[in-house]
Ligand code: NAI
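For reference, the chain that follows is the form predicted alone, supplied as structure tokens.
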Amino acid sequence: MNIYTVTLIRGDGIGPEIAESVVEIFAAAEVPIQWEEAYAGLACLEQFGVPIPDTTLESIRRNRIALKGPTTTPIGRGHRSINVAIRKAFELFANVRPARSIPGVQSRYNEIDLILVRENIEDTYAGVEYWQTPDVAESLRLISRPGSSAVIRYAFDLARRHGRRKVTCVHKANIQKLSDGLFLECFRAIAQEYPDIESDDILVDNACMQLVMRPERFDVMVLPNLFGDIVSDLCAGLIGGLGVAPGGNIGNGYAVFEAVHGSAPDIAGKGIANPTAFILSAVQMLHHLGLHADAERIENALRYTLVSGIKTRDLGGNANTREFTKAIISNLPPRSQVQAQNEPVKEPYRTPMLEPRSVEREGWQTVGVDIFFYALQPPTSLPDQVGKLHLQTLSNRGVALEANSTDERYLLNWFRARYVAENPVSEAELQELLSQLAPRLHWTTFQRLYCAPDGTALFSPILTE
């Protein structure tokens, strides 16, 4: 029998308690897994000065698969999310979160069975943020063709492997026409490669409403990072909450599975934590490894335990973590009864390599520049024209201001001046504009404006009132 070595990160808060539950269940079930302990979280920060030691990253890199307990992320201060750091370190671009109704867990819906696939690295989670003025913080939303294509193709591959009927792209391309527009463009192109799977798309706000009203409308959903984070929690609410919601992060040859709930430090050490989500994440990991019979044994024992009324307090029962774990173990069928159903252990699923980055802009030409600057009042000394470039618009909050306007309704101390030309401009002409404007403005950012060969503007328009 092949044995997999899996990196186990117990985390902090309730992490060590629910991790111990999984370790005991796996041992009782004789799952062919051996654990390699690694560490991340607050204890590492206190001991080593970093929340993720290099030894932990080396362990994941060596074993290519990990099971991670929850870790605490400070809000608005302190170190960045350990989860996000691990996803970026191993290019875990697909966050896979099944939402499946569990008998014995009270919820408003029955027979929910959908899978949400969330892009996991880009979007606002790239963490590229700046203070532009004392009153304005900027966060860049980065959507790329390779990143979008990788997660979308994975969603279609997953649907095909699991016999799913449809993949739905969730987006906001009616407003975010360039970023979400690119995500949707990639989805429609890749959908043509899977004629056996139905595909459609829906706006994220409508998707949230439809999930509440008609959740059966969805099967597999694929979303950009931020929308995926929000909608996946909504899906968890359909089946009883984050305490029963598993998750996995998939990359090219690497995978890290984790419960999606937090570390719950307020109940840590009290022995009342609910390990269900972590157990289901470990079950998801076993399916990823091809150990389907072992996964089904453990999940069936868990479901039988819940149906029989043995639950932790958050699910309406009175069992503590140890009692709940022992009940699951007592409900495990003997391994000999299902051994014949086990498939040979497979290598972890490997996604296709990311598509190569475009090396040429294919005729893109510079036609202008947006200049962002700090000012307490709309400036009155900007030149109307410098060479071929003329001042098209002065805006605030993305809304055009009237010329010489003194109306200060809702004005921020952060403005944008857009200079454009009817024809492409040279680097020298662009430099001349910047050299004339820079001494006059407390500028924060220059953004080049491109035009495609057919004349299409590759930048969003400024809104008019």
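Residues carry their position along the shown sequence, with the first being 1. This structure is a prediction, so every number in the text was calculated from the model and none was measured.
Here the subject shifts to the form predicted in complex with the ligand, a form of this protein not shown in this document.
- Just one of His171, Lys311, His261, Arg153 comes within 4.5 Å of the ligand in the model of the complex, counting any heavy atom, and that one is His261.
- None of Ala85, Ile267, Leu391, Ala375 but one reaches within 4.5 angstroms of the ligand in the model of the complex through a heavy atom, and that residue is Ile267.
- Remark: of stretches 283-291, 196-204, 119-127, 270-278, the one touching the ligand in the model of the complex is 270-278 (heavy atom within 4.5 Å).
- Taking the partner from elsewhere, Thr72 is found to have a heavy atom lying within 4.5 Å of the ligand in the model of the complex.
- Of the heavy atoms in Ile14, some are within 4.5 Å of the ligand in the model of the complex.
- Leu242 belongs to the set of residues with a heavy atom inside 4.5 Å of the ligand in the model of the complex.
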